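Single chain ahead, written as structure tokens, the form predicted alone.
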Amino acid sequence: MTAVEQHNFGLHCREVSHWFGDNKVLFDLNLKVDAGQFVALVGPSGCGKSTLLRAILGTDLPQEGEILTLQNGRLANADRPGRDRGIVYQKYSLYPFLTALDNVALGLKLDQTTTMFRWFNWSGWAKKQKEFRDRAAVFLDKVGLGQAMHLYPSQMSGGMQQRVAIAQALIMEPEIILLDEPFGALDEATREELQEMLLQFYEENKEAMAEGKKPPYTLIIVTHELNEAIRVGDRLVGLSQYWDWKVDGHQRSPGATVVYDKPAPVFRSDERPDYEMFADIRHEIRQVVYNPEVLQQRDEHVNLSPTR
């Protein structure tokens, strides 16, 4: 891989298929994500969105195909979890006995030190611990929790806890961050605040690219909220089991695949979107991705090489 290709690379899923016994979940899925893109992944329940995220994460490998990520500067198969991929779930993965600061610093602690080091090199561990906490404080400030770093999860609202979870992923500086319904349990006002936070990250990407640098954030966000997908993503990807699989000679549905892949409008973090303007996009996605009565050819609404 050339330096330019490495600079632009985010993720590549090639001919990915997955099933559980007779349950066909994913079929011949192809998805290429460039560095800096914010991909909003939508689709009907049971279409394999979370299965795809687990495959990318390396915890549930696909039965067929391969998923390529950038690991230590080299292209590699995502056949196991690695720090090049981070994930944020809907349920906050925080330790109740640790403050926000130590929850965020925990990843660096486990990645860069051992139990033996912490037990038998006290001075070295004290230095490392301060380094990790200082780094965690930077990322808590980035997600708007600079004044709450010493709070425990029980002292924080749901939105605050999810900000901590996002900081946990960011501090490891992964090549790609996966978000699986991250705001699904939050009220509308809090969801919008966190959407604005993601848009601020996107603005940092644009600043980095303007300076010729690799953008720091590449996201795939799974959401059931189409307004959220349109607002946060710069690219909309729809997975669906509703496509004309008979054209390919199948006797029954072989699973969900990408049936929709188009650019999305880009918003500033301080820009209040007019959701009525999203109506045409929402209608098209509902027809192509969610409607079992509309079975189009799977590449009819797909662009595998968007120029965003």
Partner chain sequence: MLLLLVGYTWVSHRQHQVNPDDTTIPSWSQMYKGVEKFIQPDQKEERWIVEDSIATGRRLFFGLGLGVVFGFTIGMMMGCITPIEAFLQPPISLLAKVPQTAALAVYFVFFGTGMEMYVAMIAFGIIPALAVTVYLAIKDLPSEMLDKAYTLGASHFEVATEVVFKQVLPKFIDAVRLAIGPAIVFLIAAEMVVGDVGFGYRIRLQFKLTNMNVVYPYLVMLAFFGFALDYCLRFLQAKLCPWYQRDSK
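Numbering follows the first chain given and starts at 1. Whichever C-alpha set is largest while still superposing within 1.5 Å between the two forms counts as the rigid core. Please read these numbers as outputs of a predicted model, since none were measured by experiment.
Just so it is clear, the following notes concern the form predicted together with its partner chain, a form of the same protein that is not shown.
For its partner chain in the predicted bound form, the listed stretch (190-198, 213-221, 115-123, 136-144) containing residues with heavy atoms inside 4.5 Å is 115-123. With the partner removed from view, the residue among 106, 185, 148, 209 that has a non-hydrogen atom within 4.5 Å of its partner chain in the predicted bound form turns out to be 106. Interface residue among 57, 67, 33, 264, judged by heavy atoms within 4.5 Å of its partner chain in the predicted bound form: 57. In the predicted bound form, its partner chain lies farther than 4.5 Å from every heavy atom of residue 163. Although the partner is absent here, residue 81 sits close enough that one of its heavy atoms falls within 4.5 Å of its partner chain in the predicted bound form. Within 4.5 Å of some heavy atom of its partner chain in the predicted bound form lies at least one heavy atom of residue 87. Contact annotation for residue 154: at least one heavy atom lies within 4.5 Å of its partner chain in the predicted bound form. Contacts to its partner chain in the predicted bound form (heavy atom within 4.5 Å) from stretch 166-202: 168, 172. Relative to the superposed rigid core, the position of the CA of residue 86 differs between this form and the one not shown by less than 2 Å. Relative to the superposed core, residue 159 shifts its CA atom by less than 2 Å between this form and the one not shown.
Once both forms are fitted on their core, the CA shift for residue 75 between this form and the one not shown remains under 2 Å.
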